[in-house]
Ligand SMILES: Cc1ncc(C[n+]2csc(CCOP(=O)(O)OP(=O)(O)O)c2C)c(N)n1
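What follows is a single chain, given as C-alpha coordinates, in the form predicted on its own.
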(Lines give C-alpha, C1' and ligand atoms only; values in the text may rest on other atoms or scores of the structure.)
Protein backbone atom coordinates (compact mmCIF):
# COMPACT_ATOMS: atom_id res chain seq x y z
CA UNK A 1 0.00 0.00 0.00
CA UNK A 2 1.34 3.44 -0.88
CA UNK A 3 1.81 6.20 1.66
CA UNK A 4 -1.07 8.17 0.11
CA UNK A 5 -3.31 5.11 0.32
CA UNK A 6 -2.42 4.54 3.98
CA UNK A 7 -2.97 8.21 4.72
CA UNK A 8 -6.49 8.02 3.34
CA UNK A 9 -7.39 5.64 6.17
CA UNK A 10 -4.83 6.22 8.94
CA UNK A 11 -2.92 9.07 10.50
CA UNK A 12 0.85 8.56 10.25
CA UNK A 13 1.20 8.91 14.02
CA UNK A 14 -1.34 6.13 14.56
CA UNK A 15 0.60 3.83 12.23
CA UNK A 16 3.83 4.54 14.11
CA UNK A 17 2.05 3.92 17.40
CA UNK A 18 0.80 0.56 16.12
CA UNK A 19 4.32 -0.41 15.15
CA UNK A 20 5.84 0.78 18.43
CA UNK A 21 3.48 -1.31 20.55
CA UNK A 22 3.87 -4.43 18.40
CA UNK A 23 7.67 -4.21 18.69
CA UNK A 24 7.40 -3.35 22.38
CA UNK A 25 5.25 -6.43 23.01
CA UNK A 26 7.54 -8.74 21.02
CA UNK A 27 10.68 -7.39 22.70
CA UNK A 28 9.18 -7.55 26.20
CA UNK A 29 8.05 -11.14 25.77
CA UNK A 30 11.33 -12.20 24.17
CA UNK A 31 13.05 -10.91 27.31
CA UNK A 32 10.59 -12.74 29.58
CA UNK A 33 11.21 -15.96 27.63
CA UNK A 34 14.97 -15.45 27.88
CA UNK A 35 14.82 -14.94 31.64
CA UNK A 36 12.58 -17.98 32.15
CA UNK A 37 14.94 -20.24 30.20
CA UNK A 38 18.28 -18.90 31.49
CA UNK A 39 17.69 -18.00 35.13
CA UNK A 40 19.05 -19.85 38.14
CA UNK A 41 16.29 -22.31 39.07
CA UNK A 42 17.36 -22.21 42.73
CA UNK A 43 17.01 -18.43 42.88
CA UNK A 44 14.68 -17.45 40.02
CA UNK A 45 13.76 -13.91 39.07
CA UNK A 46 10.52 -15.20 37.53
CA UNK A 47 8.62 -17.70 39.65
CA UNK A 48 6.43 -19.91 37.51
CA UNK A 49 5.98 -19.49 33.77
CA UNK A 50 5.81 -16.80 31.13
CA UNK A 51 2.71 -16.59 28.95
CA UNK A 52 3.46 -14.98 25.61
CA UNK A 53 1.63 -13.62 22.58
CA UNK A 54 4.42 -14.20 20.04
CA UNK A 55 2.96 -13.98 16.54
CA UNK A 56 -0.32 -12.57 17.81
CA UNK A 57 0.68 -9.10 18.98
CA UNK A 58 -1.29 -7.30 16.26
CA UNK A 59 -4.63 -8.45 17.70
CA UNK A 60 -4.35 -6.97 21.18
CA UNK A 61 -2.52 -3.85 20.00
CA UNK A 62 -4.86 -3.13 17.08
CA UNK A 63 -7.99 -3.77 19.13
CA UNK A 64 -7.00 -1.62 22.10
CA UNK A 65 -5.88 1.30 19.93
CA UNK A 66 -9.50 1.45 18.71
CA UNK A 67 -10.69 2.28 22.25
CA UNK A 68 -11.10 5.67 23.89
CA UNK A 69 -9.87 6.73 27.33
CA UNK A 70 -13.04 5.85 29.25
CA UNK A 71 -13.47 2.42 27.68
CA UNK A 72 -12.65 -0.81 29.51
CA UNK A 73 -10.51 -3.84 28.67
CA UNK A 74 -11.40 -7.33 29.90
CA UNK A 75 -8.19 -9.07 28.82
CA UNK A 76 -7.18 -12.64 28.17
CA UNK A 77 -3.73 -13.99 29.06
CA UNK A 78 -2.20 -12.97 25.70
CA UNK A 79 -3.21 -9.31 25.86
CA UNK A 80 -0.17 -7.73 27.51
CA UNK A 81 0.29 -5.59 24.38
CA UNK A 82 -3.20 -4.15 24.75
CA UNK A 83 -2.62 -3.59 28.46
CA UNK A 84 0.42 -1.48 27.60
CA UNK A 85 -1.63 0.46 25.05
CA UNK A 86 -4.07 1.17 27.90
CA UNK A 87 -1.23 2.49 30.10
CA UNK A 88 0.29 -0.46 31.95
CA UNK A 89 4.04 0.19 32.22
CA UNK A 90 7.00 -2.08 31.60
CA UNK A 91 8.06 -1.58 35.21
CA UNK A 92 4.65 -2.76 36.45
CA UNK A 93 4.89 -5.85 34.26
CA UNK A 94 8.36 -6.84 35.47
CA UNK A 95 7.40 -6.10 39.08
CA UNK A 96 4.52 -8.50 38.58
CA UNK A 97 6.66 -11.20 36.97
CA UNK A 98 9.27 -10.81 39.73
CA UNK A 99 6.53 -10.94 42.42
CA UNK A 100 7.69 -7.70 44.09
CA UNK A 101 5.73 -6.00 46.84
CA UNK A 102 5.23 -2.90 44.66
CA UNK A 103 3.69 -4.92 41.80
CA UNK A 104 0.03 -4.40 40.78
CA UNK A 105 -0.86 -7.41 42.98
CA UNK A 106 1.54 -6.45 45.80
CA UNK A 107 3.53 -9.64 45.27
CA UNK A 108 0.51 -11.86 45.86
CA UNK A 109 0.50 -13.19 42.30
CA UNK A 110 2.73 -13.38 39.25
CA UNK A 111 3.06 -13.30 35.44
CA UNK A 112 -0.11 -12.20 33.59
CA UNK A 113 -2.52 -12.33 36.54
CA UNK A 114 -2.86 -8.58 36.88
CA UNK A 115 -4.91 -5.56 35.94
CA UNK A 116 -5.26 -1.90 36.86
CA UNK A 117 -8.73 -0.46 37.33
CA UNK A 118 -7.28 3.07 37.39
CA UNK A 119 -6.45 2.44 33.73
CA UNK A 120 -9.76 0.65 33.11
CA UNK A 121 -8.09 -2.77 32.83
CA UNK A 122 -9.81 -5.66 34.60
CA UNK A 123 -7.55 -8.32 36.11
CA UNK A 124 -7.17 -11.44 34.02
CA UNK A 125 -8.90 -14.51 35.51
CA UNK A 126 -7.22 -17.90 35.08
CA UNK A 127 -10.46 -19.79 34.51
CA UNK A 128 -10.78 -19.19 30.79
CA UNK A 129 -13.87 -17.26 29.77
CA UNK A 130 -14.67 -15.98 33.27
CA UNK A 131 -13.29 -12.51 32.49
CA UNK A 132 -16.07 -12.09 29.92
CA UNK A 133 -18.71 -12.31 32.65
CA UNK A 134 -16.79 -9.71 34.67
CA UNK A 135 -16.68 -7.48 31.59
CA UNK A 136 -20.42 -7.97 31.18
CA UNK A 137 -20.89 -6.63 34.69
CA UNK A 138 -18.90 -3.51 33.84
CA UNK A 139 -20.95 -3.06 30.66
CA UNK A 140 -24.16 -3.35 32.69
CA UNK A 141 -22.92 -0.59 35.01
CA UNK A 142 -22.04 1.60 32.02
CA UNK A 143 -25.49 1.04 30.57
CA UNK A 144 -27.23 1.70 33.90
CA UNK A 145 -25.35 4.98 34.34
CA UNK A 146 -26.13 5.94 30.74
CA UNK A 147 -22.44 6.47 30.01
CA UNK A 148 -20.99 6.30 26.50
CA UNK A 149 -18.18 3.86 27.14
CA UNK A 150 -17.54 0.38 25.76
CA UNK A 151 -16.05 -2.86 27.11
CA UNK A 152 -13.62 -4.80 24.93
CA UNK A 153 -13.81 -8.45 26.02
CA UNK A 154 -11.07 -10.79 24.80
CA UNK A 155 -10.80 -14.58 24.78
CA UNK A 156 -9.26 -17.41 22.77
CA UNK A 157 -10.57 -20.21 20.60
CA UNK A 158 -10.37 -22.66 23.50
CA UNK A 159 -12.32 -20.37 25.84
CA UNK A 160 -14.97 -19.92 23.15
CA UNK A 161 -16.23 -23.41 24.08
CA UNK A 162 -16.94 -22.35 27.65
CA UNK A 163 -20.57 -22.00 28.68
CA UNK A 164 -19.93 -18.63 30.34
CA UNK A 165 -18.86 -17.23 26.95
CA UNK A 166 -22.13 -18.28 25.29
CA UNK A 167 -24.22 -17.02 28.20
CA UNK A 168 -22.43 -13.67 28.25
CA UNK A 169 -22.71 -13.09 24.50
CA UNK A 170 -26.39 -14.06 24.51
CA UNK A 171 -27.16 -11.72 27.43
CA UNK A 172 -25.14 -8.89 25.90
CA UNK A 173 -27.02 -9.19 22.62
CA UNK A 174 -30.49 -9.45 24.18
CA UNK A 175 -29.95 -6.29 26.22
CA UNK A 176 -27.79 -4.45 23.65
CA UNK A 177 -24.86 -4.12 26.01
CA UNK A 178 -21.97 -1.82 25.01
CA UNK A 179 -19.48 -4.65 24.36
CA UNK A 180 -17.15 -5.85 21.65
CA UNK A 181 -16.10 -9.50 21.82
CA UNK A 182 -12.72 -10.27 20.27
CA UNK A 183 -11.73 -13.92 19.90
CA UNK A 184 -8.06 -14.63 19.34
CA UNK A 185 -8.17 -17.80 17.22
CA UNK A 186 -4.55 -18.94 17.41
CA UNK A 187 -5.38 -22.49 16.27
CA UNK A 188 -4.50 -24.23 19.53
CA UNK A 189 -6.17 -24.39 22.94
CA UNK A 190 -3.01 -25.37 24.80
CA UNK A 191 -2.36 -28.47 22.62
CA UNK A 192 -5.83 -29.02 21.14
CA UNK A 193 -6.20 -27.96 17.52
CA UNK A 194 -9.30 -26.03 16.47
CA UNK A 195 -10.33 -28.94 14.24
CA UNK A 196 -10.77 -30.97 17.42
CA UNK A 197 -12.63 -28.18 19.21
CA UNK A 198 -15.47 -27.28 16.87
CA UNK A 199 -17.32 -28.45 13.77
CA UNK A 200 -17.57 -24.98 12.22
CA UNK A 201 -14.83 -23.24 10.26
CA UNK A 202 -15.24 -19.81 11.85
CA UNK A 203 -16.12 -19.00 15.45
CA UNK A 204 -17.67 -15.77 14.16
CA UNK A 205 -20.46 -17.87 12.58
CA UNK A 206 -21.91 -18.25 16.08
CA UNK A 207 -22.70 -14.53 16.17
CA UNK A 208 -25.82 -15.12 14.05
CA UNK A 209 -27.21 -17.35 16.79
CA UNK A 210 -26.93 -14.50 19.29
CA UNK A 211 -28.33 -11.92 16.91
CA UNK A 212 -25.17 -9.83 16.68
CA UNK A 213 -22.79 -9.01 13.81
CA UNK A 214 -19.89 -11.42 13.37
CA UNK A 215 -16.80 -10.86 11.26
CA UNK A 216 -13.55 -12.70 10.53
CA UNK A 217 -10.33 -10.72 10.10
CA UNK A 218 -6.67 -11.45 9.50
CA UNK A 219 -5.29 -11.23 13.02
CA UNK A 220 -1.75 -10.76 11.72
CA UNK A 221 -2.64 -7.47 10.05
CA UNK A 222 -2.90 -4.80 12.74
CA UNK A 223 -4.71 -2.34 10.47
CA UNK A 224 -7.40 -4.90 9.65
CA UNK A 225 -7.95 -5.66 13.33
CA UNK A 226 -8.05 -1.95 14.17
CA UNK A 227 -10.62 -1.18 11.48
CA UNK A 228 -12.95 -4.03 12.48
CA UNK A 229 -12.80 -3.24 16.19
CA UNK A 230 -13.20 0.50 15.66
CA UNK A 231 -16.38 -0.09 13.64
CA UNK A 232 -17.74 -2.42 16.32
CA UNK A 233 -16.80 0.00 19.13
CA UNK A 234 -18.62 2.85 17.37
CA UNK A 235 -21.72 0.67 16.96
CA UNK A 236 -21.66 -0.35 20.64
CA UNK A 237 -21.13 3.25 21.75
CA UNK A 238 -24.12 4.32 19.67
CA UNK A 239 -26.36 1.84 21.50
CA UNK A 240 -26.53 -0.77 18.75
CA UNK A 241 -25.29 -3.62 20.91
CA UNK A 242 -22.32 -5.98 20.74
CA UNK A 243 -20.31 -7.54 17.91
CA UNK A 244 -18.12 -10.62 17.64
CA UNK A 245 -14.78 -10.28 15.86
CA UNK A 246 -12.71 -13.38 15.17
CA UNK A 247 -9.03 -12.73 14.55
CA UNK A 248 -7.26 -15.57 12.74
CA UNK A 249 -3.64 -16.01 13.76
CA UNK A 250 -1.08 -18.56 14.98
CA UNK A 251 0.55 -19.00 18.36
CA UNK A 252 4.26 -19.00 17.45
CA UNK A 253 5.27 -20.44 20.80
CA UNK A 254 4.05 -22.93 23.36
CA UNK A 255 1.13 -22.35 25.70
CA UNK A 256 3.71 -21.02 28.16
CA UNK A 257 7.48 -20.92 28.43
CA UNK A 258 7.37 -24.46 29.84
CA UNK A 259 5.80 -25.83 26.64
CA UNK A 260 7.97 -26.69 23.57
CA UNK A 261 4.82 -27.08 21.44
CA UNK A 262 5.99 -30.33 19.83
CA UNK A 263 2.37 -31.06 18.92
CA UNK A 264 2.43 -28.34 16.23
CA UNK A 265 3.41 -29.70 12.78
CA UNK A 266 6.66 -28.09 11.62
CA UNK A 267 5.22 -27.27 8.20
CA UNK A 268 2.33 -25.39 9.77
CA UNK A 269 4.69 -23.39 11.93
CA UNK A 270 6.93 -22.53 8.97
CA UNK A 271 3.95 -21.36 6.91
CA UNK A 272 2.84 -19.00 9.65
CA UNK A 273 6.35 -17.66 10.21
CA UNK A 274 6.03 -16.14 6.74
CA UNK A 275 3.02 -14.17 8.02
CA UNK A 276 4.73 -12.71 11.08
CA UNK A 277 2.67 -9.60 12.05
CA UNK A 278 5.70 -7.53 13.04
CA UNK A 279 7.65 -8.29 9.87
CA UNK A 280 4.61 -7.72 7.65
CA UNK A 281 3.81 -4.35 9.20
CA UNK A 282 7.43 -3.23 9.18
CA UNK A 283 7.69 -3.99 5.46
CA UNK A 284 4.38 -2.20 4.84
CA UNK A 285 5.58 0.93 6.61
CA UNK A 286 8.95 0.91 4.82
CA UNK A 287 7.45 0.32 1.37
CA UNK A 288 4.84 3.03 1.90
CA UNK A 289 7.58 5.38 3.17
CA UNK A 290 5.69 6.07 6.37
CA UNK A 291 8.91 5.06 8.14
CA UNK A 292 12.56 4.66 7.19
CA UNK A 293 15.16 2.11 8.25
CA UNK A 294 16.67 4.63 10.67
CA UNK A 295 13.23 5.04 12.30
CA UNK A 296 12.92 1.27 12.72
CA UNK A 297 16.34 1.05 14.37
CA UNK A 298 15.65 4.04 16.59
CA UNK A 299 12.41 2.51 17.87
CA UNK A 300 14.09 -0.82 18.62
CA UNK A 301 16.97 0.89 20.42
CA UNK A 302 14.54 2.96 22.47
CA UNK A 303 12.51 -0.10 23.43
CA UNK A 304 15.61 -2.12 24.36
CA UNK A 305 16.68 0.71 26.68
CA UNK A 306 13.19 0.99 28.22
CA UNK A 307 13.09 -2.76 28.92
CA UNK A 308 16.52 -2.91 30.55
CA UNK A 309 15.71 0.12 32.67
CA UNK A 310 12.41 -1.43 33.81
CA UNK A 311 14.09 -4.76 34.64
CA UNK A 312 16.71 -3.05 36.80
CA UNK A 313 14.09 -1.06 38.72
CA UNK A 314 11.94 -4.14 39.25
CA UNK A 315 14.91 -6.29 40.24
CA UNK A 316 15.87 -3.86 42.99
CA UNK A 317 12.32 -3.56 44.34
CA UNK A 318 11.61 -5.30 47.68
CA UNK A 319 10.08 -8.76 47.86
CA UNK A 320 6.98 -9.13 50.03
CA UNK A 321 7.39 -10.19 53.64
CA UNK A 322 4.80 -12.12 55.62
CA UNK A 323 3.25 -8.99 57.09
CA UNK A 324 2.93 -7.48 53.59
CA UNK A 325 0.82 -10.39 52.41
CA UNK A 326 -1.53 -10.02 55.39
CA UNK A 327 -1.91 -6.26 55.05
CA UNK A 328 -5.03 -4.88 53.38
CA UNK A 329 -4.36 -3.07 50.13
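All of these numbers come straight from a predicted model, not from anything done at the bench. Numbering follows the first chain given and starts at 1.
What comes next is about the form predicted in complex with the ligand, which does not appear here.
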For residue 156, is any heavy atom within 4.5 Å of the ligand in the predicted bound form, or not?
yes
How about residue 118 - does it come within 4.5 Å of the ligand in the predicted bound form, if we only consider non-hydrogen atoms?
no
Even though the ligand is not shown here, does residue 188 get within 4.5 Å of it in the predicted bound form, heavy atoms only?
yes
If you check in the predicted bound form, is residue 92 within 4.5 Å of the ligand, heavy atoms only?
no
If contact means any heavy atom within 4.5 Å, which of 236-244, 222-230, 104-112, 159-167 contacts the ligand in the predicted bound form?
159-167
Assert contact residue (the ligand, in the predicted bound form, non-hydrogen atom within 4.5 Å, options 217, 84, 128, 142) equals 128
Sequence-ordered residues of 74-90 touching the ligand in the predicted bound form, heavy atom within 4.5 Å
77, 78
